[in-house]
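We begin with a single chain expressed as structure tokens, specifically the form predicted alone.
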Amino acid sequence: MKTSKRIMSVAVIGTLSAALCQPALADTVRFYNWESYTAETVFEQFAERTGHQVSEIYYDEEDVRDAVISSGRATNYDVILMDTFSLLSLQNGSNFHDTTQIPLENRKYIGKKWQNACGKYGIPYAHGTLGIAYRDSINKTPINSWNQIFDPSAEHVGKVAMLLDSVDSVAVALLASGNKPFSENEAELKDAYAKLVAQKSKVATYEYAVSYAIANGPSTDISLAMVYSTDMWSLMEYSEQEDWQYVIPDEGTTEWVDCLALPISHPISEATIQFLDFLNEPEIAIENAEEVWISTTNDGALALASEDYLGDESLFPPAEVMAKSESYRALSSAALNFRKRMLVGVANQQ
């Protein structure tokens, strides 16, 4: 689900120093983000303290977001929420500003592991895993394998929410067959494609599960979904169904990190710098993390966290689970194009 916002045109600049010398063009920070991924109370407090507003524009597919960036339309945004895979693929001087040069007082609170993951073109925001969400009141079979989202038990047939994402959807199909999630082996990718095609008749929606819940509220009729670990609170809140559970299948998962990137086609405003610093105040970072129920990358925030938050294994899985997880890595252009063709093929299947 997306909302339309008023867009202002801006001049394209070439360097960070030029950007920082620009006067603020407006007191609104335009944030291209997943829906329900940042707390409204944080935006309200930022406005009260600084007078600046945050205008969110939503995407519910990473491929759509990346197409916006590649096509040059990123100039419409001040801040873009990016996963590390896409940042690895797109991070260069022609797409994003070098965020290491931005004076942020609260950068010191961000964990080094997460700073390394986002590199010089992103500021860490959250981290987590991929897994399966299911409704406990409907489920009759223990969920422990990725194969169960491709070949669901009878109670879930026609009630599956599955993303069509060229990286993550293919990764879980590869994992279901015991392969590495970022394999470039053509035979393994063809096997993953066959799983995605066979799954189609059991899928209720390819919409992002949280967006589907927002649109349908208590009428949400899905019972099994491919989700990100940080989706669970929003899924329960918007569907008003409190029996959603999250599991990382036995085959393992991927460990992702989300970063805040600044498109180089847009000058960096003072309001944007203040917003980024505000998000990383430990008190604000933990309020945001516990309100939205996401795994913060802010170590200072963790020192202030509640026991319930720190004890949630969907946000902070045990070490033995993470030992079976694989961090994102860049794919070759050929492998990425092959994956994109796979999804077109799935979408076109009758």
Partner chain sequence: MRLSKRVNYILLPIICLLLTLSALFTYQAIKTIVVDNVTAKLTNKAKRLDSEIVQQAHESIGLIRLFVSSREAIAYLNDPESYYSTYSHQGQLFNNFNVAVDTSPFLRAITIFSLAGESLFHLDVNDPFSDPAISNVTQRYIDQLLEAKNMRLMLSNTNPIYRVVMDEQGDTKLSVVMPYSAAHVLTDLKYADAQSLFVIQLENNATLFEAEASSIKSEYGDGVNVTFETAVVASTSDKERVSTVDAVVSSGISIRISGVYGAVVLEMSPDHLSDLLLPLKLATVLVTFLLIVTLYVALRAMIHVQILLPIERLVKQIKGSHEAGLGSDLKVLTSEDEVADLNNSYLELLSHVSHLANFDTLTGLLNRNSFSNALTRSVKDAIHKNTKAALLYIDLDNFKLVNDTFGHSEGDALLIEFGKKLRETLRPFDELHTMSSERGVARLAGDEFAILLTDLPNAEAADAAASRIMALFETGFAVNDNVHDVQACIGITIAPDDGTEVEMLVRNADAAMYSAKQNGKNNYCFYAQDLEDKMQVRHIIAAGLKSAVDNNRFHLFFMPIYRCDDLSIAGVEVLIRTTEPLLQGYGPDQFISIAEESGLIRKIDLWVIEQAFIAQKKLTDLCGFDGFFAINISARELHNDNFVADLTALFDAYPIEPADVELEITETYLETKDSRLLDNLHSLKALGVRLALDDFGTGYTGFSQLASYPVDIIKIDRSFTQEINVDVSNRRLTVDIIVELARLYELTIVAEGVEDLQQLEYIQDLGVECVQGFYLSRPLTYEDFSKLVTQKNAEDNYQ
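Since the model is a prediction, treat every value here as computed from it, not as a measurement. Positions refer to the first chain, counted from 1.
As for the form predicted in complex with its partner chain, it is not shown, yet the points below apply to it.
Asks: Identify whether its partner chain in the model of the complex is within 4.5 Å of every residue in the set Ala67, Ser333 and Ala347, based on non-hydrogen atoms.
Replies: Heavy-atom distance to its partner chain in the model of the complex: all three under 4.5 Å.
Asks: Quick one: which of 190 to 198, 253 to 261, 138 to 146, 267 to 275 gets within 4.5 Å of its partner chain in the model of the complex, going by heavy atoms?
Replies: Residues of 190 to 198 come within 4.5 Å of the partner.
Asks: Test of understanding: in the model of the complex, would Ser219 fall inside 4.5 Å of its partner chain by heavy atoms?
Replies: No, no contact at 4.5 Å.
Asks: I'd like to check something about Phe338: if you look in the model of the complex, is any of its heavy atoms closer than or equal to 4.5 Å to a heavy atom of its partner chain?
Replies: Phe338 belongs to the contact set for its partner chain.
Asks: Is Phe85 close enough to its partner chain in the model of the complex to count, meaning some heavy atom within 4.5 Å?
Replies: Because a heavy atom of Phe85 falls inside 4.5 Å of its partner chain in the model of the complex, the answer is yes.
Asks: Residue-level question: is Ser71 within 4.5 Å of its partner chain in the model of the complex, judged on heavy atoms?
Replies: Within the cut-off, so yes.
Asks: Could you check which residue among Val203, Leu90, Ala117, Met236 gets a heavy atom within 4.5 Å of its partner chain in the model of the complex?
Replies: Exactly one listed residue reaches within 4.5 Å, namely Leu90.
Asks: Quick one: from Asn106, Asn95, Thr129, Asn179, grab the residue that has a heavy atom within 4.5 Å of its partner chain in the model of the complex.
Replies: Of the listed residues, the single hit is Asn95.
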